[in-house]
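Starting off, we have a lone chain in the form predicted alone, written out as structure tokens.
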Amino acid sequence: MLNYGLVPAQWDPFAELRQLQSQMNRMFDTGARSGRNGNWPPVNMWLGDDSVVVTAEMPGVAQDDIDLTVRENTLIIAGKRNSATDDEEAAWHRRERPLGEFSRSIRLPLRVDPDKVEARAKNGILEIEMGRPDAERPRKIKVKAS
């Protein structure tokens, strides 16, 4: 047989180990993004004049499966993300979206009044607006002439 300058393929005994390591790295990286370490759902937070607002990306989570808890300066977002299909026999080709229960605790920059919390969900984005207690709102003090 003539080779014509081509190098025959050689078996690399460590190629399978490198592939296994790569798959394990992807699995643990996906686990970090999926919230198993408390970083899901991803959130944004900003301060308004009298409130703090948190938005969370929660595609595929039904409103009835979301549980919000506010205690002083901590917001807890918990819930359950169900599978898109109930077919146990489905042959998955790719499954990257996290499923199951999740919980994330977010420390707020100020205390909030639990009676002044409103939550809205639209297009997979949960928006939580939490008002400051009246006693802790900044007050403008008028300076009097002496």
Partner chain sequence: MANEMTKTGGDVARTESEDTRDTGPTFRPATDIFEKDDVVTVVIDLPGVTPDSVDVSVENRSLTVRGTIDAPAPEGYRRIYAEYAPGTFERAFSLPDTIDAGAIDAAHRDGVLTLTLKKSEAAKPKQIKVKAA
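No experiment lies behind these values; they were computed from the predicted model shown. Positions refer to the first chain, counted from 1. The term rigid core refers to the maximal set of C-alpha atoms that superpose within 1.5 Å between the two forms.
We do not show the form predicted in complex with the partner chain, though everything after this point is about it.
At a distance threshold of 4.5 angstroms between non-hydrogen atoms, residue 80 is out of contact with the partner chain in the predicted bound form. The closest non-hydrogen atom of residue 19 lies beyond 4.5 Å of the partner chain in the predicted bound form. At the 4.5 Å threshold, heavy atoms of residue 104 reach the partner chain in the predicted bound form. Interface membership of residue 56, defined by any non-hydrogen atom within 4.5 Å of the partner chain in the predicted bound form, is confirmed. Residues of 92-106 lying near the partner chain in the predicted bound form, listed in sequence order, are 92, 93, 94, 95, 96, 97, 98, 104, the criterion being any heavy atom within 4.5 Å. In the core-superposed comparison between this form and the one not shown, residue 125 has its Cα shifted by less than 2 Å.
Once both forms are fitted on their core, a CA shift of 2 Å or more is seen for residue 18 between this form and the one not shown.
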